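Coming up is one lone chain in structure tokens, specifically the form predicted on its own.
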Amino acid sequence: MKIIKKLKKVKSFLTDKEFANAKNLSHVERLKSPVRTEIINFLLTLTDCNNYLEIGVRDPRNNFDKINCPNKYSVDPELEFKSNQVDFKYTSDEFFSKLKNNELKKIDNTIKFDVVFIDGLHISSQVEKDIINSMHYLKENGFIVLHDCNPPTIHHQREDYQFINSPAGILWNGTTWKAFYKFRHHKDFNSICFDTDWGVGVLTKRNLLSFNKLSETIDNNYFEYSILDEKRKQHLNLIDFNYWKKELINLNS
């Protein structure tokens, strides 16, 4: 009887609407293209393309190794991928603290990056700190790029990665979107979110095609997912990357 009850419980999970919806949306997201690597490499072509920084590398083969920039720097505490030979084996907080105090061997605190890619701890408070710290070392025409800004369901944006007994399973975007949404209001930065690879958010001081700031009339003071889901395109400035790239090239040709 106990085995039968367990089987019925498993079956109820598999047929639950939340589980089915999350599974379907996860599948749809995985089919989207391009991935973040192509977006970062294109953004680098819009800069001097001298210095690139990646925060949260995990496996460098997934993105870092494929970035086209002469000077690339990686930051990761190596908690998940032990054989990752990063440049700076620190948390992002430790890295920026040491950079500020000129305690790093490979670079000093006068460095400016063309692109900073943030893909570390996906908790809004940490992402916010990473954005603020990155701003101090960003070129005037540079870009801050964030991964996982467009979680397809409330389960993908849970705060605790370890809670995998959910409709999203092991897939986790965290609450990165909250930090990105907050900086969509920043007076000095314009932003966009490309609708691919779980949402690739971009912040820049430049006035580029389709980049904008979030109007004060469109607000989500308590960072509620239901409001994000209802006004996703406006909240994130969600745009298809291939369409945007084509329009930008046509505009500058």
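Just so you know, these numbers come straight off a predicted model, no measurement behind them. The numbering used is simple: start at 1 and walk along the sequence shown.
Keep in mind that the form predicted together with a small molecule is missing from the display, and what follows is about it.
- With a 4.5 Å cutoff on heavy atoms, residue 117 counts as touching the small molecule in the predicted complex.
- In the predicted complex, residue 195 stays away from the small molecule, with no heavy atom inside 4.5 Å.
- Put simply, residue 131 is far from the small molecule in the predicted complex: not one heavy atom of it is within 4.5 Å.
- The shortest heavy atom separation between residue 57 and the small molecule in the predicted complex is within 4.5 Å.
- Out of the listed residues 109, 71, 166, 91, 91 is the one that sits within 4.5 Å of the small molecule in the predicted complex by at least one heavy atom.
- Put simply, of 138, 145, 171, 121 only one has a heavy atom within 4.5 Å of the small molecule in the predicted complex, and it is 121.
- You can rule out all but one of 47-55, 206-214, 187-195, 23-31: in the predicted complex, only 47-55 has residues with a heavy atom within 4.5 Å of the small molecule.
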